[in-house]
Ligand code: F6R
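Here you get one chain, nothing else, as structure tokens; it is the form predicted on its own.
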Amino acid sequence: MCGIIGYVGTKNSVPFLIEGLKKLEYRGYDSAGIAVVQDGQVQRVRAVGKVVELEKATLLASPHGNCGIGHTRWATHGKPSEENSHPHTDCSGEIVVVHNGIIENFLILKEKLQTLGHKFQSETDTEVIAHLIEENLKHTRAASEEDRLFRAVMKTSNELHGAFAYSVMWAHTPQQIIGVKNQSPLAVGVGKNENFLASDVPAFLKYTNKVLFLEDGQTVVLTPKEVKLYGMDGKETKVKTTKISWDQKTAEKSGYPHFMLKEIYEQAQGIEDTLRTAKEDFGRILGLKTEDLRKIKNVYLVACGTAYHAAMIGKYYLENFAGVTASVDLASEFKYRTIPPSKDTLCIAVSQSGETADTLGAVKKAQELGFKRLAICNVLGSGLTRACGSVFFTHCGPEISVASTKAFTSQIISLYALAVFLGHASGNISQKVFNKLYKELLSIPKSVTETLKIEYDVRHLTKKVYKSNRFIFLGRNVDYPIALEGALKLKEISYVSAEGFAAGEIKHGPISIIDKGTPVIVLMPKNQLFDKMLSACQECRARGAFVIALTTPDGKEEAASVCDKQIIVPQASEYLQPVLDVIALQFFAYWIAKRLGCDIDQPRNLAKSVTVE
């Protein structure tokens, strides 16, 4: 997730670009850049860090032009650096591109273009687009340069695989910007003698509330006077604008009242984008050879907070699919306990930010012990990704709300993919089983989209329990860490007491804190442990608990007799069910906090990334 802004009109584009990037900075802040057409040439200014650094560089360079594009970056290919910052150009420096998303076949395209003599200046997948347009322009004829660029862009889009949105500008067409959308957001702001292109409405809302939201496969051509829209077949289609009534703050959240709710709804896309990198050549992604993967016998997973709960689920995956001995440690404890050195050991560090001090300390210890190191992280170029020999990047974009949601589910998916590929490499699972598991994995984004439909039911349910001063969450097997995560999420944003337990443990002490009316949320999808969870419900209800069963359609009839209320989520395979179950608990925590009037995105005493010990 990055931020795109484009302006074409009668005024100097630079102030519009800088202001738009500031409004989009929540989408990415590794680096930023702009490009304008000035006196028939492309002028670029780029800077590492936040938009304020770009603004300083722009004041020094003083670019000026009526047509320009800009970008604020959340790195996915190539570390944060000026060379990797957008906009990117072709060999001539006359074609300039900004891009969001992932080009899946960029390595194949890059190798092909290099054989044709193209020279690349960055590590990014984006630069491939600029060179590909340059190559296609060589073989395109048209009545005007504007039409020639349009045809070359259409041809280029057909050669790209993945989820992307990009914008193109050419020195030979100084009054034209072209935008392309495919599974990544892109919108047009329609003004008077000026038009805007952006990845999100806040970038131009100050100047126009007439918005055209592009559909997948559409291409848009902007000039100061008009906006033309084309379908995948290259035929022009009618432009239908929407009048936006949001204020600026609401627009930044795409109409959602809080970033947390927005990020809950972004989980299907985040998982799908993460899975785009989980191809069959998984060892290449990790920088590990297949023979290295086969040698791994022991795994330590280290993490903090929500990422620790993802790591706990990863333990089940690694033991079940990969057949390796796996242990989970809080990073803060791993650093200080005695761990015997062992051969063929992998340390997996899980972190959203990649800057958590305790996790970095744990990785340093793993390095001293001679362990191989793998980071599962959401921030390319972070301290953790530099400290580990291998990285599996979760492509869920910046997470603004302090309470983690979409990063958590992407971490679970990453660990599942890792375990399945390790199991396949080591021979622990057959090709037939691998194919089945991989197919189930690819179906999860669709199941997540279905699960998001339960928000209304959860919202209605919270009316009955939000005034309670204690909540208990119960789960077993892979849903035990989800019970812990449900309790943590509720504590983080509502400040009420909440605890998660393994359901089989409640009779060993925790049941003593259940009294009349205590809400007990029982995670009980219809699987091999369903009957055990029915018993847990009965035990809690006998003590006067208000039992909420989180179950699947096949289990709702049996669960109805042992609970007071139900939350029904779609059915997935046993080991992927936690991804769906946790969404219900995220909604549960959100709506209780909202009813209590809490500061949901920035809860008291908490920070997004804990960078001190």
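Each residue number is its position in the shown sequence, starting from 1. Model, not experiment: these values are computed from the prediction.
The discussion below concerns the form predicted together with this ligand, not included here.
Checking 212, 458, 205, 304 against this ligand in the predicted bound form, a heavy atom within 4.5 Å turns up for just one residue: 304. For the candidate set 402, 227, 187, 171, a heavy atom within 4.5 Å of this ligand in the predicted bound form is found for exactly one residue, namely 402. Put simply, residue 351 is close to this ligand in the predicted bound form: some heavy atom of it is within 4.5 Å. Of the heavy atoms in residue 263, none are within 4.5 Å of this ligand in the predicted bound form.
For the chain shown alone, residue 382 is not a contact residue for this ligand in the predicted bound form, no non-hydrogen atom being within 4.5 angstroms. Contact annotation: residue 489 falls within 4.5 Å of this ligand in the predicted bound form, judged by heavy atom distances. You can rule out all but one of 353-361, 512-520, 86-94, 190-198: in the predicted bound form, only 353-361 has residues with a heavy atom within 4.5 Å of this ligand.
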